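Next up is one chain by itself, shown in structure tokens, the form predicted alone.
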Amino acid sequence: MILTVTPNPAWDVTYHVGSVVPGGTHRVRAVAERAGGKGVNVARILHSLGHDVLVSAPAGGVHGELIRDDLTASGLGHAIIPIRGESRRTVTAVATDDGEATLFNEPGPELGTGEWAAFAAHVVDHGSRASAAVFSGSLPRNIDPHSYTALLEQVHAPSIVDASGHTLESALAARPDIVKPNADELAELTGCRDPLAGAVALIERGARAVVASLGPDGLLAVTGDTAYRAVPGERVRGNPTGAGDSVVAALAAGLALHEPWPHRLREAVALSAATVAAPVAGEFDQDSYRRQLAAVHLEEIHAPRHHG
């Protein structure tokens, strides 16, 4: 079982429009609504690939009920902790003319001390039986990142962290097996414009491996003393929302199954590109996935030596 931990889940609404014009009026061509949050997207991809998954998240209010019902309808195992606050929404406007996505992310509810403790206890309990644990996305507004780090330290399954800013910085102290920033998050946290140098800096701060998303340029991975670049064989137009979550899903599957790094990275690039070709986050285009998997270009590169 692969556990996905989403501390701040959302009810996702995706609008498909011709183009997004600031200050303009938009005619929506199609609407998709479903349970979301980065860990939920990861779980959907893993479930589609045939893996046993469990979604752990706190949720409340009308949106919380929608999240719970949608997870059940989707066949995703879940351990939802009820909270008093109203779970957030996220709205994505996807321009079908050029594939650009504009996101509006609500902050989400605060959690009471008892609510966070109940959520953390469930994560630790289920984590003890997991073959890998994925910690994804933002924290509730009032939760200190150090509480997140303490939770990571109590879950003894191999772990992946996909977070940003202070949350990611704090999580490094728990020595996660993999962290997955994007290029902007990596530069913001380390001050390094070169992603390779930034990835090495995160390893020096505690990460065991770093996989950086470089958008259409694929992935950069630093795994101890080895580094790789993995690039898709063809560019894909579509909705990039959730592409990073597909990277995490592939890495989680590889971690749980003890796959070698080249295999993990090929899968991650192919799934990410195939997700861009799908209409909503948490899905991927099967034909694109198979085509991309055969065309991924992977090369081992020299990584600067790190200390510690």
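Numbers for residues come from their place in the sequence shown, where the first is 1. Just so we're on the same page, rigid core means the largest C-alpha set that superposes within 1.5 Å between forms. None of these values were measured; they are calculated from a predicted model.
The discussion below concerns the form predicted together with another copy of the chain, not included here.
Looking at Ala294, you'd find every heavy atom of it more than 4.5 angstroms from another copy of the chain in the model of the complex.
When another copy of the chain is considered in the model of the complex, Tyr15 lines it closely, a heavy atom lying within 4.5 Å.
Remark: Leu257 does not count among the residues lining another copy of the chain in the model of the complex, judged by a heavy atom distance of 4.5 Å or less.
When another copy of the chain is considered in the model of the complex, Asp52 lies well away from it, no heavy atom lying within 4.5 Å. Only one segment in the set 52 to 60, 262 to 270, 245 to 253, 31 to 39 has any non-hydrogen atom within 4.5 angstroms of another copy of the chain in the model of the complex, and it is 31 to 39. A heavy atom within 4.5 Å of another copy of the chain in the model of the complex is found for one listed residue only; from Thr226, Asn142, Thr96, Asn105, this is Asn105. The single contact residue among Glu100, Asp217, Glu153, Glu110, judged by any heavy atom lying within 4.5 Å of another copy of the chain in the model of the complex, is Glu100. Of all the residues from 51 to 89, those having a non-hydrogen atom no more than 4.5 Å from another copy of the chain in the model of the complex are Val62, Leu66, Arg89. The rigid-core alignment places the CA of Val20 2 Å or more apart between the shown form and the other one. Superposition on the rigid core between the shown form and the other one places the CA atom of Leu257 less than 2 Å from its counterpart. Superposition of the core reveals a Cα shift of less than 2 Å for Val62 between the shown form and the other one.
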